[in-house]
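Okay, here we've got a single chain as structure tokens, the form predicted alone, with questions on binding and movement later.
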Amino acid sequence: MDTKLNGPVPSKPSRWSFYLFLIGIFIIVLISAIYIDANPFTFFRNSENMFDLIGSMFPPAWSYIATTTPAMLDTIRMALLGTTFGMILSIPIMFLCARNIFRIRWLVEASRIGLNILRTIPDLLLAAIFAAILGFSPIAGIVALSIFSIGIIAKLSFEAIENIDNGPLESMTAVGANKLQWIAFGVVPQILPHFVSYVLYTFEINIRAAAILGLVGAGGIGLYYDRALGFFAYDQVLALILYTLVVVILIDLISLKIREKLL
């Protein structure tokens, strides 16, 4: 160990543990690829088919956009309603999941388990289930997106609640504030900007999700995706992809500006 005027200089830590970690990750990925027969050369062997498909997409069927605009508007409405209902239902759940709000251990753990169950179910599976229950209509997509939104908003929000400054809460407790006052004036002002940001983020995700829910009969632009793919009309598929891309980019930009104002 080298010595300096101000005392000994600690030796540089070994990087072997980091290298072993990388090797371990590589081995796990390699074994996983072998186990599921994920051969990367398959991509190159089928590259001719890929280029043929891409070639059949051009030029895009721009006239198809006018036909699908009502369905695109339905997709945006589905995402908006699904996010709104999910936001409302997330409010009690996020407080129940926060350990610094409710001290009853079994209640918090039960709430978290329920939230994890919601987050486990894919949005497409939810849409397929509710399409079978409610019929092939946008209402099935709205219900599916509402449940999907709860998983995102409540998860991110209760983590934000657990990281708030407890000083105001302790002061309110000292002067005799009840639980509702405690939450309304001590917790909500601290998490509100983050909560709104999470809602906007979820809305962005739901726009993308709503665009494909029609593949399982839940309405929206996905019905036209399914129809175009079924008839191998890849020029229409490309037009729908570009249309969806423009809508998503516009919504992302608007959402970003709103979040910048809040945070």
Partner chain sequence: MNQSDPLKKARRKRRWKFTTLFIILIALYIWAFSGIEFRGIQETAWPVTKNIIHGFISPDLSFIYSPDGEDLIRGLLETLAIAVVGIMLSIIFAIPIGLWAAKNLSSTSLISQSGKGILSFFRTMPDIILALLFIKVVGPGAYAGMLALGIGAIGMLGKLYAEEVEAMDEGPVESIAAVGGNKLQQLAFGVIPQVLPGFISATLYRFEINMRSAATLGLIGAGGIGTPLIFAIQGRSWDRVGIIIIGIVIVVLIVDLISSALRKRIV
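Numbering follows the first chain given and starts at 1. Note that the structure is predicted; figures quoted are calculated from it, not measured.
The form predicted in complex with its partner chain is left out here; the points below concern that form.
Against its partner chain in the predicted bound form, the set Ala33, Thr42 and Pro138 is in full contact: each member has a heavy atom within 4.5 Å.
Only one of Ala177, Leu73, Leu89, Ala110 comes within 4.5 Å of its partner chain in the predicted bound form through a heavy atom, and that residue is Leu73. Of the residues Tyr64, Tyr224, Tyr234, Phe195, just one reaches its partner chain in the predicted bound form with a heavy atom at 4.5 Å or closer; this is Tyr234. Heavy atoms within 4.5 Å of its partner chain in the predicted bound form are found in exactly one of 122-130, 92-100, 182-190, 169-177, that being 122-130. Contact annotation for Ile142: at least one heavy atom lies within 4.5 Å of its partner chain in the predicted bound form. Although the partner is absent here, Ile104 is not a contact residue: none of its heavy atoms lies within 4.5 angstroms of its partner chain in the predicted bound form. Its partner chain in the predicted bound form is not approached by Asn163, whose heavy atoms all lie more than 4.5 angstroms from it. Although the partner is absent here, Ile241 is a contact residue: one of its heavy atoms lies within 4.5 angstroms of its partner chain in the predicted bound form. Taking a 4.5 Å heavy atom cutoff to its partner chain in the predicted bound form, the contacting residues in 49-69 are Asn49, Met50, Leu53, Met57.
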